[in-house]
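As a starting point, one isolated chain is supplied in structure tokens, in the form predicted on its own.
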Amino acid sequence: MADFTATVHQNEFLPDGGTDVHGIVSVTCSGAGTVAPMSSASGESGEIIIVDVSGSMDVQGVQAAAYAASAALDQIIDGVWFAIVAGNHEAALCYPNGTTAAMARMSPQTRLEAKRSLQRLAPGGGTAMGRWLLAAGQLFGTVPTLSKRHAILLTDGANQHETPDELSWAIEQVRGRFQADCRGLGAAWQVAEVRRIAEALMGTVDLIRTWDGLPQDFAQLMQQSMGRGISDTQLRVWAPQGAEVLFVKQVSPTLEDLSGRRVEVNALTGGYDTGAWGDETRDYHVAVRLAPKAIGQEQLAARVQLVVGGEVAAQGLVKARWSADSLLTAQISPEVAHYTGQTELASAIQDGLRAKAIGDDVTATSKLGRAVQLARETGDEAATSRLARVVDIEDAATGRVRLRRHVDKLDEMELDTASTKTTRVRPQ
């Protein structure tokens, strides 16, 4: 039986006339177990591996992708439903073999058959990721008993055979139907494009520099998925009558604005799908605007709950108390300050790289300089190291940097993809 706990970090004191309340709610899951391999009360699990076989992958690339997919197959627990999709400007069912959409149960026999089918893949054609997503959605739909649906998507190029609107339409058709971890191989794919897919489908996006990095990454992704034994989860945020929920964001282990996922539970409560859980801790930043009250008054600003299968598994309370003591109201929660800085850091990196790409060196220098400063302030040494491969850091404390004249494209892409990965709060 999984156990969830919730802890709230905040400064509940507001000055006279203060309205905005911020809290970091840390939710920890332990004892999640593994996915259900066969029919159970909690439903079944399904996995789909989507492999780019476009012409740009060439023979060596497709062989490496097939090897990586094989490594992922080895991690799927027997009894779990699975399928493999080969994607180019179309989407073809690589396994199970057949002309109709279907999934297969994992067993020693089907694992061997799937690996053999991967050996027949060959490069050719273009790239239309929206069609890949629609095919995955169709496949998951063939097994109505699935409660957990997860996919791994690999691409090495831009989505050249679909318009942005066509991709957006496809994403909306599958949003909420499955989760997808997306990986880009090499330097020819578009980070923003793939990130859009990953964020909509509650997954991750990352760069794989070379083919030899694929098997380990695929195996790790599938191993993590097998360890997420809790599905049908929702973060619920209640706010009092007249209050405004400014935003709900996941801030650790990755940044993700959940505000757009809100569904109304009742007039005062919004629900936010969180995807499947394993043994892990996730931090959420909740901001609520209240009507100001008199000095000395208190109010519950938000009730934050993690709900599993319709039942409350953990709860944290975000409070407000109006005070005339400036020593109390001037304090900022270290957790709130840290994650506010990490959120700004991600925006500064992405904005700086976009400016650099269009030749706006002034904006790029300013934004990336601010990113260096924020990385130092939040103790994000990994971000500082990645930034140092794109800019020359003259003074990290003030954010004074110079754009480097010769930068490896892969270094820029790694900085971009990693911008939404956060660090935990440093011990005080």
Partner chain sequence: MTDAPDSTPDPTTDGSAEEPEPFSDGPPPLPRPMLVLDGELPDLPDAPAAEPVDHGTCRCGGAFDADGYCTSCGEPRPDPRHHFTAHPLPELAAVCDRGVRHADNEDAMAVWGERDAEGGLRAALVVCDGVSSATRSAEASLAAAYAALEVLSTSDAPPQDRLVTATDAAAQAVARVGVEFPESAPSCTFVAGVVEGSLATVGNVGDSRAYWMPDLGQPHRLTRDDSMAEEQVDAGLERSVAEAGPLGHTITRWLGPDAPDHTPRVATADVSAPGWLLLCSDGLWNYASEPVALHDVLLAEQERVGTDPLALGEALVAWAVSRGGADNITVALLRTGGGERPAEAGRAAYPDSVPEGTGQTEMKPADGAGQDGAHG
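Numbering follows the first chain given and starts at 1. All figures in this text were calculated on a predicted structure; none of them were measured in a lab.
The same protein also has a form predicted together with its partner chain, omitted here; what follows describes it.
- Within this chain, T384 is remote from the site of its partner chain in the predicted bound form, having no heavy atom within 4.5 Å.
- Of the heavy atoms in Q63, some are within 4.5 Å of its partner chain in the predicted bound form.
- Contact annotation: G98 falls within 4.5 Å of its partner chain in the predicted bound form, judged by heavy atom distances.
- In the predicted bound form, at least one heavy atom of K115 sits within 4.5 Å of a heavy atom of its partner chain.
- Annotation: in the predicted bound form, residues Y67, L121 and A135 each come within 4.5 Å of its partner chain through at least one heavy atom.
- Heavy atoms within 4.5 Å of its partner chain in the predicted bound form are found in exactly one of 244 to 252, 350 to 358, 326 to 334, 102 to 110, that being 102 to 110.
- Interface residue among G79, G275, P215, G271, judged by heavy atoms within 4.5 Å of its partner chain in the predicted bound form: G79.
- Scanning G125, G186, P240, G227 against its partner chain in the predicted bound form with a 4.5 Å heavy atom cut-off leaves one residue, P240.
- Contact residues in stretch 150 to 178 (any heavy atom within 4.5 Å of its partner chain, taken in the predicted bound form) are Q173, V174, R177.
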